[in-house]
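Only one chain is shown below, in structure tokens, and it's the form predicted on its own.
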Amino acid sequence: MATLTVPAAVPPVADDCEQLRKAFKGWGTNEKLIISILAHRDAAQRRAIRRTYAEAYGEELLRALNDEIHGKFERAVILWTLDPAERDAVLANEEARKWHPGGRALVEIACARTPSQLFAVKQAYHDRFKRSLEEDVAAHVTGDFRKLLVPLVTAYRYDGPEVNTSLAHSEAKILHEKIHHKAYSDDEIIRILTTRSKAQLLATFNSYNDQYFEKIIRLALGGMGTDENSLTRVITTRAEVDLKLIKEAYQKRNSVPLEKAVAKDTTRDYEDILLALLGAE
């Protein structure tokens, strides 16, 4: 369940573009106006805004944003404004080029996207970087993660809704045993993750996604300093998907609303964009 809130009556795209243009002009950038528009439009509406803005003003919206806003606020707004597949392509490229075993973005993209979504990511990756995602993963990722990620981003898994409960239980035991012994590149792990449908994997993991993303956010907010990259990545990639469930998992685990935790660890415009995407009133 998504946390994105879109007005019941959305203004015409041309009006949104005109307001964004006004936000960029004058003595200072109107960050609140930017948030009030972009943080409350779905992917199709944001795509239309980008197209219409370029046609009306002869300038890409992303370039205008890049010129007017900066830092972690800029990163959150840019990632959110991108198409989901384009956003994943950018995140995957960033992580592949600076690969380290603690990286999470590639694993999330490979495991938490449907086959059709992953196919779209691979298309967007090639369009943007003129190389294949598989090629860059193979070139830059090392060790056991390379053995796992290359087939994950290469395979096209069946995407039907059917679930075999007994198979889910048996394969959950296999995964638990292999992961317990840190056998991450074991052939059985790779077979299960690369061949089972998303519905089957979700049954195997028993709501793995919500628990996983809750943990990523908890760790991002709970250390000596805030991990803005992880926090931004999860909120921008899940706001149109299942962020409401992640919020519920966070509150259940930590006895604190996620909005309150985010507000405590962030400030100013960066805080405002994250809270807007979290659905805060």
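So that there is no doubt, residue numbering starts at 1 and follows the sequence shown. In this text, rigid core is short for the largest set of C-alphas that superpose within 1.5 Å between two forms. Owing to the predicted nature of the structure, the values given are computational and were not obtained by experimental measurement.
Here the subject shifts to the form predicted together with another copy of the chain, a form of this protein not shown in this document.
In the model of the complex, does I35 have a heavy atom within 4.5 Å of another copy of the chain? I35 belongs to the contact set for another copy of the chain.
At the 4.5 Å heavy atom threshold, is L221 in contact with another copy of the chain in the model of the complex? Close contact is absent here: in the model of the complex, L221 is far from another copy of the chain, nothing within 4.5 Å, heavy atoms only.
Given that the partner is absent here, does Y57 sit within 4.5 Å of another copy of the chain in the model of the complex, heavy atoms only? No.
Please check if E171 has a heavy atom lying within 4.5 Å of any heavy atom of another copy of the chain in the model of the complex. No - in the model of the complex, heavy atoms of E171 and another copy of the chain never come within 4.5 Å of each other.
Heavy atom within 4.5 Å of another copy of the chain in the model of the complex: which of K72, R196, K178, H140 fits that? Just give me the one. Among K72, R196, K178, H140, a heavy atom within 4.5 Å of another copy of the chain in the model of the complex occurs only for K72.
Proximity to another copy of the chain in the model of the complex (heavy atom, within 4.5 Å), stretch among 188-196, 77-85, 124-132, 149-157: Contact-bearing stretch, as computed: 77-85.
Heavy atoms within 4.5 Å of another copy of the chain in the model of the complex is the criterion; list the residues of 228-248 that meet it. Contacts from 228-248: E228, N229, T232, R233, T236, T237, R238, A239, E240, V241, D242, L243, K244, L245, K247.
Fitting the rigid core first, would the Cα of R268 be found 2 Å or more away between this form and the one not shown? Shift at R268: 2 Å or more after core fit.
Examine H40 after superposing the rigid core and state whether its CA is displaced by 2 Å or more between this form and the one not shown. No, because once the rigid core is superposed, the C-alpha of H40 moves less than 2 Å between this form and the one not shown.
Did E18 shift 2 Å or more between this form and the one not shown, C-alpha, core superposed: Comparing the forms between this form and the one not shown, which are aligned on their rigid core, E18 does not shift its C-alpha by 2 Å or more.
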